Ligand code: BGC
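Encoded as structure tokens, the following chain is the form predicted on its own, with no partner shown.
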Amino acid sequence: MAEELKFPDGFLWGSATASYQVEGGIENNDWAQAAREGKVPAAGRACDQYNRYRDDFDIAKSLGQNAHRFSIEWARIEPEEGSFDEAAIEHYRGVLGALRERGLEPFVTLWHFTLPVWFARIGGFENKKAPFYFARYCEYVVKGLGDSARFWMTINEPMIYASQGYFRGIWPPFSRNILKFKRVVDNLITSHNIAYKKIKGMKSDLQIGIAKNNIDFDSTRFNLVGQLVKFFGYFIWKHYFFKKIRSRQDFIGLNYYFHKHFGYKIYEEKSDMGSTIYSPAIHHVLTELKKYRKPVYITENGIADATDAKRAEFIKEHLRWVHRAIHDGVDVRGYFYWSLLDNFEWDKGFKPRFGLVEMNYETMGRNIRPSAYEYARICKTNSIILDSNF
């Protein structure tokens, strides 16, 4: 017999995008510069969402979504140091208006990995004045757009950014330096805290947080390497940043993709990118957030699945464990699938396919995948249906 699991009234259902990954035409940030140097793939037109956002939001609305997360491109707003482009603000004001017109609650990310070229040239978040530059940018944007959105995220995935750019060295600025890694993380913490204070000083009713990627690490107690990784993961990767901004976040944005276990072998399905599909792990990372006593929004959760064979079940199974976390006392108030569209996946280019909507990058055509309609049923009914075999 099937079982229906209802989510709390007012639960937000949406999908997410990020500016450089979908907008197209951004040539004045560090990723575009790295592409010109042949170090990473070029984003080019991406999904041309800069011009087609209204059509994309129509799709999101048709799929029963009531919220949408997107990011603002710093390089558009401040193309040169201290020089702000009001036309860019007007564009994003139009984006926010289009979301509101369609009944989609905006979640705005102020910074999603990419840096204006001028900022990258002076060291980016290595620069001791980085918090000043970042907070000034945030203040300008919120001053111009703060009346159009309630939810704001200053930073997306700070630990991923620092790790990929300063530890693994596969993203700009392609560094492998543990001291720089630590400096960047600490500067990001300071950047958020100063930006939070400035934004709250302008509009105290705005809800401000970050989007943080937490990885689930598991190990048998007899596996020393696994235990060390689990210790590092819990105290450094998962909670160091949150603890440092604890008094300056109104909600927690959780991005969940990765589970890693040590010391035992079990069969687990993989995504197209080789990531383990293990839905109970989202319950693990959610319950670890209870101690902060903040509302939680799952701001990213998704799968690379070009054939769309696994996506519907992936969403349903992860939401089953989200529902369990709510039952266990975690104040989860929304879920954003990554991503609305197939998009530019950083150093992987356009090959990974995460979208509810399939992109034809030659024609810019959009094709709604079958899994999107399965997710739409969940959004429209505010519930998931479990088959009798669960």
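Residue indices: 1-based, along the sequence shown. Keep in mind that what you see is a predicted model, and the values were worked out from it rather than measured.
Not on display, but discussed next: the form predicted together with this ligand.
> Please pick, from F107, F125, Y166, F113, the one residue with any non-hydrogen atom lying within 4.5 angstroms of this ligand in the model of the complex.
Contact with this ligand in the model of the complex is made by F113 alone.
> Here the chain is shown alone; which of Y196, F251, Y257, F151 has a heavy atom within 4.5 Å of this ligand in the model of the complex?
After the contact test, the surviving option is Y257.
> Of the listed stretches (339 to 347, 52 to 60, 323 to 331, 24 to 32), which one has a non-hydrogen atom within 4.5 Å of this ligand in the model of the complex?
Contact criterion met by 339 to 347 only.
> Quick one: is N156 in contact with this ligand in the model of the complex, heavy atoms, 4.5 Å cut-off?
Output for N156 is yes: heavy atoms within 4.5 Å of this ligand.
> According to a 4.5 angstroms non-hydrogen atom cut-off, is Y335 in contact with this ligand in the model of the complex?
Y335: no, not in contact with this ligand in the model of the complex.
> Hey, in the model of the complex, is E73 touching this ligand, heavy atoms inside 4.5 Å?
Flag for E73 set to no.
> Just checking whether S219 would be counted as a contact of this ligand in the model of the complex - the rule being heavy atoms within 4.5 angstroms.
Answer no; every heavy atom of S219 is more than 4.5 Å from this ligand in the model of the complex.
> Going by heavy atoms, what in 274 to 307 lies within 4.5 angstroms of this ligand in the model of the complex?
Heavy-atom contacts within 4.5 Å come from E300 alone.
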